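The form predicted on its own is given below as one chain in structure tokens.
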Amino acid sequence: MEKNWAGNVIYRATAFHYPRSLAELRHMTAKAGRARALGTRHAFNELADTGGELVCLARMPRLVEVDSEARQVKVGGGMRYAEFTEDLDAKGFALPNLASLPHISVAGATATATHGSGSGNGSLSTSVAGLEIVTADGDVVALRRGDEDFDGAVVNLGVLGIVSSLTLDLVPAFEVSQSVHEGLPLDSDILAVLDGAYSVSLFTDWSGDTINQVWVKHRTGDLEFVPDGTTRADGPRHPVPGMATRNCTRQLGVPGRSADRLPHFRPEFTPSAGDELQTEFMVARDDAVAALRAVDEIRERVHPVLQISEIRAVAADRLWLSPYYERDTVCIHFTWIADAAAVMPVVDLVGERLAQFSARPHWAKVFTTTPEVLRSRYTRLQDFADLASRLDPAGKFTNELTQRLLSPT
């Protein structure tokens, strides 16, 4: 049985394909009756599942083309971020933002608006300047920023076709130092803390009156930010108590290239055994304090089924299905224990408490928000459904989950 990374989804596909060239990918895609792209299997729901055929790009030829003049890089859609950051560094460039896990694929991360952290940083999807999509008949459609359909196509949930390559914006290479601070009072000015450095993450188990850990990532040369009321950690820390710290990126204020500090976890280690479920809700920055208070009010339900919760900020964008569409955002992430029967009622409860803030769920994590409510929160969802109908009129790349989410009321 083929499963996702967490083991909570068993894929129903009738075949798994691993094309080794663009020509082979185009042929497989055109021949398939129903198809979905399969990345690094880090979706915690059925987003990547299908009763048809799954196509994985992990065996495609390595594609890393740096355009120094344009400050962009073209990479294969199946590549993981950790697989090309050294190429960028060798040319004097870096990506402006990276997610907690450098293990995830570029196409999968950008298709689901997966993100890093930083009040001034957009999600990984905002770095996309262009993408090439293999459509249902095997043709390749290329879109660039500024094209009419571009803002709808970047966060695509895999329903437009198989993304074979992406062009990403780059910035000059930079260094980051990372430090961990403990014991932030829960009644602190959370927004000021999130704004304190290039990237900031708060970790809490919702068991007391303090945030367990504040991970602060400074660009070299920036003023050091020390959150008031905290104590600097005297050694390396893992976000989840009891987990091995050797899996985490270097801390204690030691500077290093951004690709080695912006992720929480090192690419050469698996950060956990996958024994978890994940949920994430995104609220407008202006609602963040009240939303966190709403979660704190149900801590007696949250804490017993929680491993850790992470709070981060992400800048607004213009991508249609992005949870950060037209609003600066604070993300409230939950890493649950691997017990769906115990967790799902709490997911329901958290969703109910955050409904007043029009919370938008992460597409690739566990949520129970109804399609009707989603359509009210993702205001361009119908526009995206129309785009999908034009590029894939027969619905080759849909599955039960995307059909339910994208179907008209």
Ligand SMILES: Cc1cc2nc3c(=O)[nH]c(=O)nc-3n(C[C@H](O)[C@H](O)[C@H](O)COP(=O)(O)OP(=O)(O)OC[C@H]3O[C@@H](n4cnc5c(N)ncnc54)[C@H](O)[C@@H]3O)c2cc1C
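Residue numbers run from 1 along the displayed sequence. Since the model is a prediction, treat every value here as computed from it, not as a measurement.
Although it is not shown, the form predicted in complex with the ligand is what the next lines describe.
Task: A48, S105 and Q278 all contacting the ligand in the predicted bound form, non-hydrogen atom within 4.5 Å - done: Yes: each residue has a heavy atom within 4.5 Å of the partner.
Task: Candidate stretches 341-349, 376-384, 38-46, 61-69, one within 4.5 Å of the ligand in the predicted bound form by heavy atom - done: Contact-bearing stretch, as computed: 38-46.
Task: Residue (of T114, T230, Q251, T85) lying close to the ligand in the predicted bound form, criterion heavy atoms within 4.5 Å - done: Spelling it out, the residue with a heavy atom inside the cut-off is T114.
TODO: Name the residue from R261, H218, R312, H238 that puts a heavy atom within 4.5 Å of the ligand in the predicted bound form.
DONE: Looking at the other structure, the residue within range turns out to be R312.
Open item on the list: Taking the ligand as it sits in the predicted bound form, is S199 near enough to touch it, meaning that at least one heavy atom pair lies within 4.5 angstroms?
Closed with: Result no; S199 lies far from the ligand in the predicted bound form.
- [ ] Examine R353 and determine whether its closest non-hydrogen atom to the ligand in the predicted bound form is within 4.5 angstroms.
- [x] R353: no, not in contact with the ligand in the predicted bound form.
Task: Close approach of L157 to the ligand in the predicted bound form, 4.5 Å, heavy atom - done: Taking the distances in the predicted bound form, the answer for L157 is yes, it comes within 4.5 Å of the ligand.
Task: L57 within 4.5 Å of the ligand in the predicted bound form, heavy atoms - done: Contact with the ligand, yes.
Task: Partner contacts for 345-365, taking the ligand in the predicted bound form and a 4.5 Å heavy atom cut-off - done: The stretch 345-365, when checked against the ligand in the predicted bound form, contributes H362, A364, K365 at the 4.5 Å heavy-atom cut-off.
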